[in-house]
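So this first bit is one chain, no partners, the form predicted alone, shown in structure tokens.
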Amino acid sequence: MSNSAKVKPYLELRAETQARERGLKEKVMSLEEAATLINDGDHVAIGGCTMSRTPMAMIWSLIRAGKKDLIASRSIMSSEGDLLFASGISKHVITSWFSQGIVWGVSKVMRHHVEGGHAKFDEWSHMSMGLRYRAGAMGVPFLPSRSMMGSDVGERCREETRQMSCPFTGESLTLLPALNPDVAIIHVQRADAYGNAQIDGLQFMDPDIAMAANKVILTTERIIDNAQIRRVPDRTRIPFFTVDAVVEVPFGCAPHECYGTYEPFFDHMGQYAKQVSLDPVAGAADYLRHYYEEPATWEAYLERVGTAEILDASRRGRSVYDD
């Protein structure tokens, strides 16, 4: 079984949970400070899905910090996976699909790194990824499933799964090992200073990822008062006691989307796809240099993305609400 699939014993997970700071205290910090909570070699789970609520600002910060040997997992990878590989901060991704987006197809950057033997892509089914995070959140070592049974993906994952006969029916089942990331990075629309987070639109696997991870870094479009959180407690999707850092980062998903706030920056993404399609290596390196290495702040990054792109994405994003 690979390092990515090693399952932590329950007593070890319990000890880590008991050692956590569970007091109601403010956890607001900068992107740079939050990046120090992630160590080289950590397994980092990325919230959101495809181009939705991707914590791009946190990924920008990790790349600038020069992290090394990160294992990255996500429900579905998009262009952030390209940048993890191209920057060299990760050479191992665990996900169910790796594409720049449906519009642009399978990532050529990923193909270059994986097919060339420079990086590893562990592919699971989408259901399996969700169940693995769910097992991690529940504190159990595995969950039984029929997902991937009889498929080529299931065959490729056979070394990391187990088979069993159901003790009730005798039917065959696949046992999916739990995922307990060292750190989860998740972007939300709103959070208070303590880490109570509200998520509009699809939650994806984020609540389970937060419960499964040993640390959670929240980036948020805006920090709101705890009194606002308490007015609608049923909207809190990630509770404060799972969270270690809160970073207020407007447009923290750019050029991806944040539901109800802004849509994807399609022109920017299209230009990126064209750039890496022509040359996956030089195109990605040039993109990283222009948008990640040269801008010293997230605000400077947004300036390079452009005001017109931001305003257009914001207009389209807000249109989903009836004011």
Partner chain sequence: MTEASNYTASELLAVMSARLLLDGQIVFAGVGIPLLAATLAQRVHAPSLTILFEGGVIGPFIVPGELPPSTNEQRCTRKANMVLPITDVMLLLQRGYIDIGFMGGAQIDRYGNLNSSFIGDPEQPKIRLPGTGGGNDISSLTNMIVAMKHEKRRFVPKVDFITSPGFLDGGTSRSDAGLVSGGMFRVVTDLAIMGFDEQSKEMKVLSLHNGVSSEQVQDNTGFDLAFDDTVQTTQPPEPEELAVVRELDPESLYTA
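Positions refer to the first chain, counted from 1. Fair warning: this is a prediction, and the values are worked out from it, not measured in the lab.
What comes next is about the form predicted in complex with its partner chain, which does not appear here.
Figure note: of the listed segments 210 to 218, 75 to 83, 244 to 252, 225 to 233, the one touching its partner chain in the model of the complex, with heavy atoms no more than 4.5 Å away, is 75 to 83. Contact annotation for Ser61: none of its heavy atoms lies within 4.5 Å of its partner chain in the model of the complex. When contacts are judged by a 4.5 Å heavy atom cut-off, Gln275 does not count as touching its partner chain in the model of the complex. In the model of the complex, its partner chain lies within 4.5 Å of some heavy atom of Ser172. In the model of the complex, its partner chain sits within 4.5 Å of a heavy atom belonging to Met127. Using a 4.5 angstroms heavy atom cutoff to its partner chain in the model of the complex, all of Pro264, Arg316 and Ser319 count as contacting. A heavy atom within 4.5 Å of its partner chain in the model of the complex is found for one listed residue only; from Thr161, Gln198, Ser87, Gln203, this is Gln203. Between its partner chain and the residues Val183, Val188, Met110, Ile94, the one pair within 4.5 Å by heavy atoms in the model of the complex involves Met110. In sequence order, Ser145, Arg146, Ser147, Met148, Met149, Gly150, Ser151, Asp152 are the residues of 136 to 152 having a heavy atom within 4.5 Å of its partner chain in the model of the complex; the partner itself is omitted from this view.
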